[in-house]
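The chain that follows stands alone, in the form predicted alone, written as structure tokens.
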């Protein structure tokens, strides 16, 4: 759930929401960001946990899933938290994303949607199509593609650094939002 932006929006829209993050610091930040008053009857459940195991949610109970996982290990969001996919190389990351996709499929109601925002990465000067490989994880779990949205990436922390380098490659300037249906 990161810093809780989706949870804040759900609260403002009077929606029930479940937020899960493996990093206790993210849980704390999200709880702080939700400390505002508004007219709402929404139920907000925040869990310190791993999206590969949502055992506290029964089968086919969720109406919509919105997730924005780390892009493998390009930014490390913790120091040694077991199961933190931001610490994994691409192949290990994808193995864990298969588990996330299966668990997402399990908890989502039939006919409902799952949105995943993910971008590609570059290793040793070569692009790894991480977005499409994550898309395959969700398709293999049983989802069908509803939409593929290409979003322009803004405010990337490394853009200024890479623009100063003498590299003969283009910056990755987009992310994908894959919308799947169960």
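Residue numbers count along the first chain shown, from 1. Note that the coordinates shown come from a computational prediction; the quantities given were computed from them, not determined experimentally.
Separately, the form predicted together with a small molecule exists; it is not shown, and the next lines address it.
- Under a 4.5 angstroms non-hydrogen atom cutoff, the small molecule in the model of the complex lacks residue 122 among its neighbouring residues.
- When the small molecule is considered in the model of the complex, residue 103 lies well away from it, no heavy atom lying within 4.5 Å.
- The small molecule is not drawn, but in the model of the complex it has no heavy atom within 4.5 Å of residue 18.
- Looking at residue 3, you'd find a heavy atom of it within 4.5 angstroms of the small molecule in the model of the complex.
- The stretch among 142-150, 37-45, 125-133, 65-73 whose residues place heavy atoms within 4.5 Å of the small molecule in the model of the complex is 65-73.
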